[in-house]
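First, one chain by itself in structure tokens, the form predicted alone.
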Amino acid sequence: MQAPRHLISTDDLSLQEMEALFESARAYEQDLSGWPDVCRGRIAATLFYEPSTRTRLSFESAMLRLGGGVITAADMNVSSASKGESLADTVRVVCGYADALILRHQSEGAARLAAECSSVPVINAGDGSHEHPTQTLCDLYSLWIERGRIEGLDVVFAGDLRYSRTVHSFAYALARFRANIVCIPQPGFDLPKYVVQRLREEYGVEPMKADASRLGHLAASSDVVYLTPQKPHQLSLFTDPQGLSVGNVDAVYMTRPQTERFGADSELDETKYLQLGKRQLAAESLRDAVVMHPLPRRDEISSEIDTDPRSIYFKQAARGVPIRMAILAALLGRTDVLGSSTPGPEPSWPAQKSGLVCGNQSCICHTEDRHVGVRFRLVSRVPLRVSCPYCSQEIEFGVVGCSTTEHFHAPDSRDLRKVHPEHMVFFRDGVHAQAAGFKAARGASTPHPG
């Protein structure tokens, strides 16, 4: 039996597959009621550990319009989760009731764990502040419809860029399409370092300080960064080192403050949060920009621009139905939109009993440790860097042991480059490595813990 195809991240789809989904969604959108036999006899289960309106209802509407059925656990507080049942066990049980599983969870990496435990397709409907791929596909589809293309577009992200999973997912996907991103963060809520690092290393995006004078009042109190695919001749909305300045913004993507995810170090005076209204939209560079928002909104977008033809956030929400129809039909094998390959996550390895832990307290590995265990993914060999395969955040370490030789090395050791990842054992420092029975390799130090 072929392994199911999951949608945990937009990285699970090629650019060609995404564009094929857009074409399929456009066909569905032209006649939402004309597809009652596509998924007849199939059942989707929605498991939502966090509140949702648009995502859950649009998925359920999409499945019903395709002729399928829906079973839902919209409030996991009244499910067996309240009795202590693990996510892994819940997924294994629900797989026996449904043909696809749609999951929203507060822990980052939850969807990846669910996919590891599931015999049916798992669709990530949002995992903490990590990713939200179906919202990203909805956003991309809206841009594709409104602008006719995605490559080369200039998209502004404004507001809480630190905790917004929709921003993170959208940024990765836009980078793959070679679009440009202008970041206007609420002060103190910039894109996380790991997101910027991934954009630079995996997608060839170069962050640059931007001259945002043409964005007017929208960017008046924020440090603006321009993220653009590296090109021999960079042209931007702003003035680059060669003095070139062209074009206008194609879209403004506004986000609300994600207060439900704020950490102890996050302080926000919501009366001073970035706002978008007629005054801000009057900026020269925003003249032709469409206004987007994943919703729900608070006060960051004024209702005075709801009737502005550039405001497409309610159209954007409505398009969640046809794009999710396309996703469900494809993953359930009812259309040939997706290729025959089933790309899985990049390989990862057990961290063994070394004391190595993911430092992200919101990661699923901390609440599902009996099912997950601590694992790592190799980010780069030189310099040696590893990350958590569930939440994608880097894992810190001081020295690295080899389980076959029982020697430990400094992270920059040439000898370490010969060690296969599955034989690597990570320690905070040499003292901990020695306590575990490892000996220092030539040139390795044994610092005392600081």
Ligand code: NCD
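Because the structure is a prediction, the values reported are computed rather than measured. Residue numbers here begin at 1 and follow the sequence given.
Omitted here: the form predicted together with the ligand. The next part is about that form.
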item	value
4.5 Å heavy atom contact, G320 to the ligand in the model of the complex	no
Partner proximity in the model of the complex: R256 to the ligand, non-hydrogen atom cutoff 4.5 Å	yes
Distance check, S169 to the ligand in the model of the complex, heavy atom within 4.5 Å	no
Any non-hydrogen atom of Q135 within 4.5 angstroms of the ligand in the model of the complex	yes
Per-stretch contact check against the ligand in the model of the complex, the hit in 288-296, 217-225, 143-151, 376-384 (non-hydrogen atom, 4.5 angstroms)	288-296
The single option of H130, R112, R104, R162 touching the ligand in the model of the complex, heavy atom within 4.5 Å	R104
Among the candidates R54, R42, H407, R26, the residue which, in the model of the complex, approaches the ligand to within 4.5 Å (heavy atoms)	R54
